[in-house]
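Here you get one chain, nothing else, as structure tokens; it is the form predicted alone.
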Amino acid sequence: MRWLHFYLRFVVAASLLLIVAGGLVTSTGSGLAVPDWPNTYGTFMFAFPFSQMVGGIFYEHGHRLIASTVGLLTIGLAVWLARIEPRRWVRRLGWTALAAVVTQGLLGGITVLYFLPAPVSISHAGLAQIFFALVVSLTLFTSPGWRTGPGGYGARSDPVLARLALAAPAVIYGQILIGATMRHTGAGLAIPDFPLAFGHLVPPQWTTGIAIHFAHRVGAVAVTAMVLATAGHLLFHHPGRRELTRPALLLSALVLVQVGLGAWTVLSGRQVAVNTAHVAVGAAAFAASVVLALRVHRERFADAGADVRPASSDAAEPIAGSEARA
């Protein structure tokens, strides 16, 4: 099981690299640099010569190579989990991750073949975050701390914390979707100044692009308030719970960095490196919020505080309503 956990860490790193590569494709406007799919200019993807990976082809074809690698890694993950993981719900999450990455690949192909339709591109970006959260969650579920730690972290005894921990990833994911909508509808510079909007607190004029962009700024305020409220509650009421305070502090730092990157993206005129870093840090913040929520609600999982039984006896493993929800 230890090697599976290390393998999952590698999958997480590869998945984050894939998100960075996807961000570079959008930031550089390279989405149609390779106009066919699944081949690359009529050549089998892995046989396309590296010498021809120039300009936008480098970003788009590189993105495809990384995506294919992540897909293969996920196939290995799902099979590995199916063979050695005793917890049925964890095995199912492995197959869910595989289904997500396959769907993600198909959405990427449709995006190219139909010339970057915004709804498909936004769905592609949103599903990438879900897949990333899934592999991060699986990494947590196979970690020694999860398997041997205490069964519960007090969500039932602290309903405020329970609600905050669930609300944070929901609000962050909503903000990610608004950000993806802004990127794929060309609204990234619809409001060209910061922190004001055309010199005002509220835009004096409105278009669809301005509305999307301003909604993203309002969302940033909401996310920051939610995350700081969660971290503040934890530090005040549970200062000794390092398994909770550490991800909360990491999440707070990531969100503050993300706000700074968002401002820098506007002020730099959507400079490629800054814009891409904004996407990557957003993914990391979402993953951190998911980890925090899972740890807060640890007691709701069927394996909380229980020894894990052999994979050969599904009938003997504990099955509860909370397992189905997990």
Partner chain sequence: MRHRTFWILVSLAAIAVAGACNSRSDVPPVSIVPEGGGAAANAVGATGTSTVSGSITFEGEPPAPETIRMNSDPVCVKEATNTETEYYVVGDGGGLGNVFVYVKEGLSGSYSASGETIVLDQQGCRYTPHVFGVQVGQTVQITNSDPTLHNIHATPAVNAEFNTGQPIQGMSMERTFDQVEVAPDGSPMVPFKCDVHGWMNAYVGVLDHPYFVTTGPDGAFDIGNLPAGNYVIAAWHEMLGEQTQNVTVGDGATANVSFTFTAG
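Positions refer to the first chain, counted from 1. Just so you know, these numbers come straight off a predicted model, no measurement behind them.
Unshown form predicted in complex with the partner chain; subsequent notes refer to it.
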{"query": "Partner contact for Gly269 in the model of the complex: the partner chain, 4.5 angstroms, heavy atom", "finding": "no"}
{"query": "Residue contact check: Ile57 to the partner chain in the model of the complex, 4.5 Å heavy atom", "finding": "yes"}
{"query": "Any non-hydrogen atom of Phe115 within 4.5 angstroms of the partner chain in the model of the complex", "finding": "yes"}
{"query": "Exercise: Ser143 in contact with the partner chain in the model of the complex, heavy atom 4.5 Å", "finding": "no"}
{"query": "The single option of Arg156, His237, Arg246, Arg92 touching the partner chain in the model of the complex, heavy atom within 4.5 Å", "finding": "Arg92"}
{"query": "All of Leu32, Pro35 and Ile110 within 4.5 Å of the partner chain in the model of the complex, heavy atom check", "finding": "yes"}
{"query": "Segment that reaches the partner chain in the model of the complex - one of 278 to 286, 66 to 74, 259 to 267, 49 to 57, heavy atoms within 4.5 Å", "finding": "49 to 57"}
